[in-house]
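As a starting point, one isolated chain is supplied in structure tokens, in the form predicted on its own.
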Amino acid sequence: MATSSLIADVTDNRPSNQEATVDLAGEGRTAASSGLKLFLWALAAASVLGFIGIAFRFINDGGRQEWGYYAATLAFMMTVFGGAPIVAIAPAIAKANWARPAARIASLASIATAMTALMMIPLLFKLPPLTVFSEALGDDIRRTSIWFDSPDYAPHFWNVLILLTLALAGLAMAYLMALPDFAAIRDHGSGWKQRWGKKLARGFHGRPQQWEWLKMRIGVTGAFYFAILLFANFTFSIDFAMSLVPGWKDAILPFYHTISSMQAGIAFTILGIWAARRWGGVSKYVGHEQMWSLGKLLLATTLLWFYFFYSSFIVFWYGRTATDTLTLKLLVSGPYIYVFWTVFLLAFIAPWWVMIWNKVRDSVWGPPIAATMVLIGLFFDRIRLYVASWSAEPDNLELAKLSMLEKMPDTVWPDVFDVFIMVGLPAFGLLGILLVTRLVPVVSLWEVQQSRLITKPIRFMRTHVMLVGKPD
């Protein structure tokens, strides 16, 4: 490449392909540190507490309202772990080179999505059927839902099918994205990791035809995952929240639920990168560029969160019918008003204020702070939506048929078993991800090596930049 006084080659201080192979896939990969082992045991203990909380809920079932925090926790897990793989899909479609080191962290979240799908099965037993017999009317009363003229247990079947499909698509994408690394572990690893790498690599040796096959299938599974994610957020938010509240009709809620899932997925990936740099020994491969780029995406989705929330809120505010007023009171100004203001502060105001500053967004510490606030805010948002919905159990079926909420329910405060569930189930999902990283490197080796093929450090005017070639 020709150089001039403005553009010149500089020394390439990046790890070579051989060094990256040893660091990420070879015998040089260090075993789990004592700190990581202790953290894994803590996650395992928290997971046990979570399942104890679920068991207690079944043994001492006091009504639908007691399952609100369980529903909110599963919704939060689907929001975070289900949205994270989008970080691996969207930049890859746009051929963004910066996302390569972060793609593995994002794709591994699909493991926790599969766990969420399995943990949703107990909640299905507490989801009311579409029709309930009324002795006063002598006829069945059908609650409002999207399942018109469907069998009584249509939501139960389709929701588990959709979420399992989402989990399988995510697992397939994560496996395909790790396939070249399994081959590298087979060729350069040792012990049990090498044995598993040989089984999982399935004859992949990096021939041109295999790379074409791999890229095509990653694209197909990624596009399919994105489509199913939209559908999963659509059905879950309606069946497990909106349809349980008489009179709540909101066409924007599924899109609000989806955009907040993308926001949470980006936040999770940012924290994953920060943790990998801090404790995973991969600071040579991930860092400033990933933080900066994901920080801009987090700012964009934070603004979109407010846009979709306001678009939904303003319809009820100007409608001012009896059902609109009751819905607003239930979700915003009534028993969960303090939860709402916590959500508004942590999911929008605080991260927006932090990320609008260039020096903060362009740092390694700024995006993780904003990401932490976003995840906390969206956790309270799921409590606001789902705990309120599951507490709005109608006493009068005739009023429910007329889409009227008979009375405003009281605030449902969590008990110790709800705390077990809220802490234990996300810990179980995170435990699954960390256990898989003992085999698969947390940074994709083949992505790092491919990035090296199309990039070159140069000096441009008074600074150093990375020149990126156009990929195929």
Partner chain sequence: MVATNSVLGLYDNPDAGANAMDGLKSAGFPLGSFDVLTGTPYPEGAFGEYVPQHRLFRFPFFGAMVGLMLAILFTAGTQLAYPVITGGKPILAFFAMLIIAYELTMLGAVIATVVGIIFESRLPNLNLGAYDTRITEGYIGVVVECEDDRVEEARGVLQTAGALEIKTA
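Numbering follows the first chain given and starts at 1. The structure presented is a predicted model; accordingly, all values stated were derived computationally and were not measured.
Another form exists, predicted in complex with the partner chain; not displayed. Remarks below refer to it.
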Contacting member of 140, 152, 393, 187, with respect to the partner chain in the model of the complex [4.5 Å, heavy atom]: 187
Single option in 220, 275, 230, 171 placed near the partner chain in the model of the complex, where near means a heavy atom within 4.5 Å: 220
Joint contact, 18, 211 and 216 to the partner chain in the model of the complex, by non-hydrogen atom at 4.5 Å: yes
Interface membership of residue 207, the partner chain in the model of the complex, 4.5 Å heavy atom rule: yes
Exercise: residue 455 in contact with the partner chain in the model of the complex, heavy atom 4.5 Å: no
Contact label in the model of the complex: residue 203 to the partner chain, heavy atom within 4.5 Å: yes
Non-hydrogen atom contact residue 115 with the partner chain in the model of the complex at 4.5 angstroms: no
Contact segment among 40-48, 66-74, 443-451, 419-427, judged by heavy atoms lying within 4.5 Å of the partner chain in the model of the complex: 443-451
